[in-house]
Every structure is written in C-alpha cells, then in structure tokens.
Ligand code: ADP
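Single chain ahead, by itself, as structure tokens, in the form predicted on its own.
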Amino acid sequence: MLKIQNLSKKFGGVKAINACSFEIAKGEITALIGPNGSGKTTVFNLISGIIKQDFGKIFFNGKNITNFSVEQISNLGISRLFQQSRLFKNLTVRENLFLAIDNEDTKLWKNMFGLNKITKEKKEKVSEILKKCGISEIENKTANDLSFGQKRLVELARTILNPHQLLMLDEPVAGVNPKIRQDIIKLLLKLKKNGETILLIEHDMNFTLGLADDIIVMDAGKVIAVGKPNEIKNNKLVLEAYLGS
C-alpha cells in the first residue's frame, strides 16, 4: 500500500534521513521503531507532506505522491495522529469530531462557523465513533477539561473518523495511563480485524512487540532491520542500536 524509496533529508548539514526504503502491507499493523533521533517522525512528516525530501520517492496505492501537498495527501486517504495535542480546546468532544468528517479546508472552516449543515448521517457517524472509542460519556465536555489520556482517545477517534485508507499514528500510547493504554490496544486490534491498515511509531516496546504484525527499525536515518516481532527482538543490529555495541 505504501512504498518509501531511497528517501533522504538534510537539516543544515545533518542527514536526518539517509536513503531510507521500506514498504507496508494493506490490512496489517506495522510499527516504525528506533532510538530517539533515528528519524521516525521525520519520515512521518515526509509521508504527510509537511516537509519535502531532498531525494527519493513516496508511493501510495501505486501513485507517486512525493510532491503532493498536505491537503492532497490527506484527501487521498492518509490520516495522521500527531504526537502533540491538536484539539480545539474550547470546543466539545463532539464538536471536535464533527470537524474531522469534512477534511477539505473550505468545509472545515464552514463547519467552524456553523455554515456546514450537521446532517443526520454526520450525527450517526460521530455517535458511532464515540461508542467505538469508549468516549460517549465525555462527548459534551470541552477539550480543555479532559485528562491527557482522554484527549489522546479523542484525537485517535478524530483520526479514524477522517476519511482514510491508511492510519499513521505517532506514539498513540505515550503518557497515557494503563487503562487507556489497554483501551487503545483493543481499539487498534478491532480496527485491524475490520481491515484497517495502520503504521505507527511507539517507544513502548512491550506495546509494539505485542501488537504489530511487522516491525521496521531505524537508526541514524536508515532502516537497519525489518521483520516479525520475534525476529526483531533477537536481532543483533537492533540490540546494538538500542543498547550500544
């Protein structure tokens, strides 16, 4: 579904990404892991169109999206969960979710100013995702009144609600309590069972090894290993990258 081919990106004189290549399969959960500074979030930013590569190509469903804008990439069906909270603090959970249904900029602003009609179909979609993510009881709370873990669930709900073929999740369980962590694991497994394709970054190795079908390991901007969780767990290069040689 997604193919990264020889991506390279410099910031100043530093090579953040260096000839990085990998593919992810449809209908699976793939984890992109590596030590801090290995280039994982930079790769996500390149795929999302937030920054542009110096060299290399990105293909999505066979289409070269290397030079596409953020909006074009989103409209093709790539939906991303960011590390930092991007909720509108003074809007309720339900209102934040309505904004995800129309992902084109003009529709977004119409929603914010009440110009886009909230149809029965939209209400049903939002109610369904609230239930699926277990956050129906907080739907009328403003984002500013939520705990960190609740915000993460709402952001995840919004990412799922955004029309997509691929979910890109940047540290979905970082900083959340154990209960919400388990809720997120159950949700992601349910999404996979329903045929969703997920690419995620996560530093929690127990979470990653227990959830992912395939793991891609980066170090110093390069892919150093690709394999199943059991293969990665015992890979010498991976152990050296995390623990030192």
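Just so you know, these numbers come straight off a predicted model, no measurement behind them. The first residue of the sequence shown is number 1, and the count goes up from there.
Note that the form predicted in complex with the named molecule isn't included here; everything after this is about it.
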Legend entry - in the model of the complex, the one of Ala16, Ile232, Ile24, Cys20 near the named molecule [non-hydrogen atom within 4.5 angstroms]: Ala16
Legend entry - One residue of Thr208, Ser48, Thr42, Gln53 in contact with the named molecule, assessed in the model of the complex (non-hydrogen atom, 4.5 angstroms): Thr42
Legend entry - Among 178 to 186, 191 to 199, 65 to 73, 34 to 42, the region lying within 4.5 Å of the named molecule in the model of the complex by heavy atom distance: 34 to 42
